[in-house]
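One chain is shown next in structure tokens, namely the form predicted alone.
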């Protein structure tokens, strides 16, 4: 649940708002400070201070292999600073930090979540530390970063339909969300849960808003295999446990397909849910210098290209190139993200969904 020092309804107070994401998104954040702090370069002094701390603790919802690759790349660039990765679903990341902070346990330095609504709560509660890496200041558009310098869009993900090419012919594969309601898919679908995955929470909000809860009511009658993480459907799809995924990470589908796995992505005719995954650091970070250095690294061209090439993610850094063979993000019809609405309606979405799918 999205607990904070304030009521869930006490939201979006402040004098200005920011839209985070692509032109097709609508994610609102409040401005509670006068302005973002100036950009900070990575200096020898920062590196030395980070080495004295010796580690950075990173809570993230990206797939563990990608999180570990990011960690190893950082450790290779900055020997002597270890990255401790704590990976779980975005909603669990949020709950864990809430529990730790309520007990005055300050263990986390930097965080990434696939649910941008979490940053609304953390910012509103005053527990984020403003910090603007040079790459964010120089290369990220205003609508891709928080106005007060609290966070920026580390990654963009999509929640997509996909199918197993050994079990489904291309001409028979679903082309839309509506196609998933065809009786021929009864007992052949798999999807993840919004109570565990931030990606699926965001996707569930967008689809319920644009297609109505009637869509999910009908989908729930299709004998869907329910899993937790948005990473699970592509993996089980590749194993042939189900023929079609109703939702799940695009990046896992890329990884499996590009390694020779029998999966194929589908970008729904109605539009594909778009998920912004920001990065931020905490005011009470136990390793504040290492946290800043790690945050700067995450937005560097090297790391951003890594999450694209190896991780299958989408980047908003203009110097990063999309990988050949993948459909360009600008060519995909996406649904509008709205983190403020997800923050406001998260509990309702989770409860309604669980009732429909009886989980």
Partner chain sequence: MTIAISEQVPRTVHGFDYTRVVLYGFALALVLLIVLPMSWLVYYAFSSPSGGITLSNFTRLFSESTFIDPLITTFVLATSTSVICCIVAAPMGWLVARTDMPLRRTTRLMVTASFVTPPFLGAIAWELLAAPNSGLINQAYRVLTGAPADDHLFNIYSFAGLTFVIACYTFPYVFVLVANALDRTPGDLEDASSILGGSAWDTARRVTIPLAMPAVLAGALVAFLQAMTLFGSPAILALPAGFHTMTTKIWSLFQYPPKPELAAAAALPLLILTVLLLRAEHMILGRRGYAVLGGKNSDPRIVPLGVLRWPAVLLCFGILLCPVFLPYGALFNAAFSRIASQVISINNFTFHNIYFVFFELSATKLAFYNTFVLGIATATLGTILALVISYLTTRQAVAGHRVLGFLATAPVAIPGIVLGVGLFLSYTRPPFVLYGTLWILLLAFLTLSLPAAYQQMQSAFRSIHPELEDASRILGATRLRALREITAPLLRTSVIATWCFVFVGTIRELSAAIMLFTSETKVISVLIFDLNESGDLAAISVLGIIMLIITFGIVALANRLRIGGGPVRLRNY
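Note that the structure is a prediction, hence the values are computed from the model and not measured. Residue numbers count along the first chain shown, from 1.
One more form of this protein should be noted, the form predicted together with the partner chain, which is absent from this view; the next part is about it.
Of the candidate stretches 202-210, 143-151, 81-89, 264-272, only 81-89 has residues with heavy atoms within 4.5 Å of the partner chain in the predicted bound form. Taking non-hydrogen atoms only, residue 231 approaches the partner chain to within 4.5 angstroms in the predicted bound form.
Contact between residue 178 and the partner chain in the predicted bound form is not found at the 4.5 Å heavy atom cutoff. Contact annotation for residue 55: at least one heavy atom lies within 4.5 Å of the partner chain in the predicted bound form.
Residue 195 belongs to the set of residues with a heavy atom inside 4.5 Å of the partner chain in the predicted bound form. In the predicted bound form, every residue of the candidate spot (95, 241 and 347) has a heavy atom lying within 4.5 Å of the partner chain. Between the options 73, 129, 222, 226, the residue in contact with the partner chain in the predicted bound form by a heavy atom within 4.5 angstroms is 226. Although the partner chain is not shown here, in the predicted bound form the stretch 94-115 places heavy atoms of 94, 95, 96, 99, 100, 103, 105, 107 within 4.5 Å of it, in sequence order.
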